[in-house]
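To begin, one chain is listed below as structure tokens, in the form predicted on its own.
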């Protein structure tokens, strides 16, 4: 019996240089229309002048364990795929925007054709045993797709001796993006 996968992403903010290669790889791989994106680069600035720090973050859908977008989708289009990811069935989506309103991460948009769209961790690639386009394109190896159910130790090794943060954990969604500092 094969073990069920539970994908998450670990992003090394020390390695990310904000080049946007992940953004452009995603746009190309997933035919994202101009003016929209499934992932993006953020600058997190903390402190007060003159003691400021800046962190570059590659960001995207958090593939939450308790995803409000799934809970509030009236058609069942937003759903758990069984591999730890949250996916959208375009054929079921009516473009009602309930999932956009429910997502505390602002990670979705309405495609010009009329359906909700977001990062899928390139599920079409995962099914072929490949990594997401953003991961394979990152020139500094800042992005790591991991299987939280694996005993390969990759997740634990990435987090070893590093502080990690997650966004909006107080919302109780169980986000599965981890930023290493």
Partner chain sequence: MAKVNRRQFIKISSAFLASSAAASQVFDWPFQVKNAIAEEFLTADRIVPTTCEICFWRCGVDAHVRDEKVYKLTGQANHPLSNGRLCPRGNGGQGLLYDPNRLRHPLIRVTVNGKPQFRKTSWDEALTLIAERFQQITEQYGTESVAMFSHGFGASFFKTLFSAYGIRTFSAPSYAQCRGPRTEAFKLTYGHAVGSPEAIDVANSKYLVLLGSHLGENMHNTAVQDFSKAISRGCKVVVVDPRYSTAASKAEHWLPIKPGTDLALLRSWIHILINEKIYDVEFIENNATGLEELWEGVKDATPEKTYALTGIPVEQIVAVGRDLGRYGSSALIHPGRHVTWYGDDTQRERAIAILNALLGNYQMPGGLIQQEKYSSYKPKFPVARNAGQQFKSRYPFASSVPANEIVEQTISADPYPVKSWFVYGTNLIHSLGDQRATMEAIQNLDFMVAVDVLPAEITGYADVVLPECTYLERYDDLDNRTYRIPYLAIRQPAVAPLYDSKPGHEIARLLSMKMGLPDLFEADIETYLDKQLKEMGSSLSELKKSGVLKKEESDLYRKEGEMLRFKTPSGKIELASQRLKDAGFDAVPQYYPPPENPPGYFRMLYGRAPMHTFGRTANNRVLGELMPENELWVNEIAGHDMKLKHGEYVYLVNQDQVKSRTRIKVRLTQRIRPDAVYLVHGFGHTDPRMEFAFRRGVSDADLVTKLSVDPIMGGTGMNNNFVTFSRT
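Source: prediction; values computed, not measured. Numbering follows the first chain given and starts at 1.
Beyond the structure shown, there is the form predicted together with its partner chain, which is absent from this document and is the topic of what follows.
K.L.:
Within 4.5 Å, heavy atoms only: does residue 165 come near its partner chain in the predicted complex?
P.N.:
It does not: once its partner chain is placed as it appears in the predicted complex, residue 165 has no heavy atom within 4.5 Å of it.
K.L.:
Examine residue 52 and determine whether its closest non-hydrogen atom to its partner chain in the predicted complex is within 4.5 angstroms.
P.N.:
Close contact exists here: in the predicted complex, residue 52 approaches its partner chain to within 4.5 Å, heavy atoms only.
K.L.:
Can you tell me whether residue 113 touches its partner chain? I mean in the predicted complex, with a 4.5 angstroms heavy atom cut-off.
P.N.:
Residue 113 belongs to the contact set for its partner chain.
K.L.:
Although its partner chain is absent from this view, report whether residue 9 comes within 4.5 Å of it in the predicted complex, heavy atoms only.
P.N.:
Residue-level check for residue 9: no, no contact with its partner chain.
K.L.:
With the partner absent here, would 23, 28 and 125 each sit within 4.5 Å of its partner chain in the predicted complex, counting heavy atoms only?
P.N.:
Yes, because 23, 28 and 125 each have a heavy atom that approaches its partner chain to within 4.5 Å in the predicted complex.
K.L.:
Need the contact residues for 140-162: heavy atom within 4.5 Å of its partner chain in the predicted complex, sequence order, or none if there are none.
P.N.:
If the 4.5 Å heavy-atom criterion is applied to its partner chain in the predicted complex, 140-162 yields 140, 141.
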